[in-house]
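Here you get one chain, nothing else, as structure tokens; it is the form predicted on its own.
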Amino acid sequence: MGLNFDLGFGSSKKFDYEKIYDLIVIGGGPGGLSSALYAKRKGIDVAIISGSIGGQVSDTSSVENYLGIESLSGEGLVKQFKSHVEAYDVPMLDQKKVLEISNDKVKEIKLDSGEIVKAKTVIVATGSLNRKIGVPGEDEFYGKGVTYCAICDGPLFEGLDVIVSGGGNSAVEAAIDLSKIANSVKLVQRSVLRADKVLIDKLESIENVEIFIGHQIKEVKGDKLVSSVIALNKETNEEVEFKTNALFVEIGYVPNSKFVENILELNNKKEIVINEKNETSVEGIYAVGDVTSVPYKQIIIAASEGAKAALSAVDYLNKN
């Protein structure tokens, strides 16, 4: 039975299933990659397990608020993060989902493949998942016109009519990006727009974009593919049917914490509760980024929290 695998990340280091690592980082976004980098530079044996390297940053069209980088695509920023970590030969186990973590001195991490890996400390950096509207037709037409990633799927609807649901930065940015390739874009939001003013101003200046405030989506309709969306006009209490080829859902995220809900303390938002040292309710387990109770879900905050969690884990290892 072969226990070492070349994971194709450009790193010469291979993941060893038999080893008890000093630290395993679960998650490959900015928080997880930063954690691994800081831990490795402190001389401890660290590895990363991730469903996908980069996390949601990979789906971001443009990052313009990361200190020292004036403007770069999310994919480009992830490439730089990953390259930096790879330079330290940190083994990365990609496309693996963690099902549970044991509450033992040596943590056993069970993977969806049935394999179990072990570590003295763990950092949970699993980020968040797309929030669903929760209306009839949304699940039925997922991948058939309903999508949660404008960057990924926008080109599929070039020259067609699309709807974006949401009112925050991600929704407005999606509408702006889609306006460049779609025939028309309708932004449908049940309340006020919460995006940055500079983005709203830009959106309002685009000719093929219509904004419908006070409209709540109630149903997605179609045959084999999406053909329309039913929305409730909250002012008139009347339903309106918007013809469309696609619905891009951009209404925020929920923490990816379900796999630890039976072991770690969560708050009422299902976020992992941490203290100022990123310690969770279980000794030896730390958490960073969007999956935690730390406010303001930003790339730079996740990266800084990752560094802090790694230093806390190193302190713990030095004392134990």
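A residue's number is simply how far along the shown sequence it sits, counting from 1. None of the values given here were measured: they were computed from a predicted structure.
The same protein also exists as the form predicted in complex with a small molecule; that form is not shown, yet it is the one meant from here on.
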Query raised in the report: in the predicted complex, do 166, 167 and 191 all put a heavy atom within 4.5 Å of the small molecule?
Result: no
Query - Close approach of residue 63 to the small molecule in the predicted complex, 4.5 Å, heavy atom - result: yes
Query raised in the report: Might residue 26 be said to contact the small molecule in the predicted complex, defining contact as any heavy atom within 4.5 Å?
Result: yes
Requested in this report: Please check if residue 49 has a heavy atom lying within 4.5 Å of any heavy atom of the small molecule in the predicted complex.
Outcome: yes
Report task. Tell me, yes or no, whether residue 56 is in contact with the small molecule in the predicted complex, where a contact means a heavy atom of each within 4.5 Å. Result -> yes
Requested in this report: Go through 126-134, 220-228, 153-161, 202-210 and give me the stretch that gets within 4.5 Å of the small molecule in the predicted complex, heavy atoms only.
Outcome: 126-134
Report summary line: Among 96, 186, 120, 82, just one has a heavy atom within 4.5 Å of the small molecule in the predicted complex, namely 96
